[in-house]
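Next up is one chain by itself, shown in structure tokens, the form predicted on its own.
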């Protein structure tokens, strides 16, 4: 069924500085949980705690109700930990997979069958007799994951498994990984700093910023309603603006209307988080937030418009995406900005 994980009141410090604080986190059996955050957020530190490689300075990490500090050898063997850099031996791919199974006392024929089946799942069975250290980085990582799957783990921990791959290779890698795990009852915790991968593959997301858990929810909920500006940044929102909510729920930037409204927040200071395709450009004089166009350039399937919102005493940079067939404003042109409610969030 996969392992269940429990993290309670965990603190980790290094060099006198706190690098991880998790008050409460539960991972369900067979769940695919992504841990998302920028570099240095504490993602690998959390993964090492879940793997029982490290222990917290304070608090408890449990696997199926057993604290990691008390896990025996057999229980530790049910955890597969795939690091960013594959730690493969200087022998054949097949032998790299067979050795851990030999240490578990499996007979030779059984070892070979399990190893070949795992390689097949990751689309690298044709590399079985190749020297593991002569493979490409992507091939080595596939072998690394196959080695963990061959041992039939209850818990699989993946630390940026596609690091170093180009976008096309990453997409193929994750599609193959998803297929390899589709019929296995294994709990998976995967670290990434790319929101698009987490949004596509996760059952739930944990967002870490500066070593603290900022939000835990489904990908859809975190994407639509980030808890704060830091989470919005991690989720790839392109624009963040200081705003104000009026008593009737209207959202203003400076004293200008934005087209946004909220019933969830009371009057007071707020932040508007908006994806680039939420920024609607209209001619000057049609209301909205006044801005000036700084430049227009081609993007992937769209055009990128850089703007400066004109607020009292300052200019705030914004980015908008326009369809390739939409008329684009000229650099230096004065325009007005509205925000699409479906692609924006109003935050405290």
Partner chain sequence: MVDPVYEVLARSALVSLTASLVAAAIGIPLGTWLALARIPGRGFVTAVVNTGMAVPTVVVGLFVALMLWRSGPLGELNLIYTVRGMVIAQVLLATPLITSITMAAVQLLPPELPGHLRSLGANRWQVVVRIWVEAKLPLLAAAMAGFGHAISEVGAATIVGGNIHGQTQVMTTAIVENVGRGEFGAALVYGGVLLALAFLVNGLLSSVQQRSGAWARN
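Computed from a prediction, not measured in an experiment: that's the story for all the values here. Numbering follows the first chain given and starts at 1.
Not pictured, yet referred to below: the form predicted together with its partner chain.
Colleague: Within 4.5 Å of its partner chain in the predicted complex: all of 53, 85 and 131, by heavy atom?
Modeller: Yes, the whole candidate spot contacts its partner chain.
Colleague: So, residue 73 and its partner chain: in the predicted complex, are they within 4.5 Å at any heavy atom pair?
Modeller: It does: once its partner chain is placed as it appears in the predicted complex, residue 73 has a heavy atom within 4.5 Å of it.
Colleague: Residue 257: heavy atom within 4.5 Å of its partner chain in the predicted complex?
Modeller: The answer is no: residue 257 has no heavy atom within 4.5 Å of its partner chain.
Colleague: Does the 4.5 Å heavy atom contact test between residue 253 and its partner chain in the predicted complex come out positive?
Modeller: Flag for residue 253 set to no.
Colleague: Examine residue 185 and determine whether its closest non-hydrogen atom to its partner chain in the predicted complex is within 4.5 angstroms.
Modeller: So residue 185 does not count as contacting its partner chain.
Colleague: Looking at 75 to 83, 274 to 282, 119 to 127, 243 to 251, which one sits within 4.5 Å of its partner chain in the predicted complex if you count heavy atoms only?
Modeller: Single hit among the candidates: 75 to 83.
Colleague: Considering its partner chain in the predicted complex, which of 175, 218, 136, 91 comes within 4.5 Å of it through any heavy atom?
Modeller: Filtering the options by heavy-atom distance leaves 91.
Colleague: Would you kindly say which of 99, 165, 199, 227 lies with a heavy atom within 4.5 Å of its partner chain in the predicted complex?
Modeller: Result of the distance check: 99.
Colleague: Within 229 to 245, which residues have a heavy atom closer than or equal to 4.5 Å from its partner chain in the predicted complex?
Modeller: Counting only heavy atoms within 4.5 Å of its partner chain in the predicted complex, no residue of 229 to 245 makes contact.
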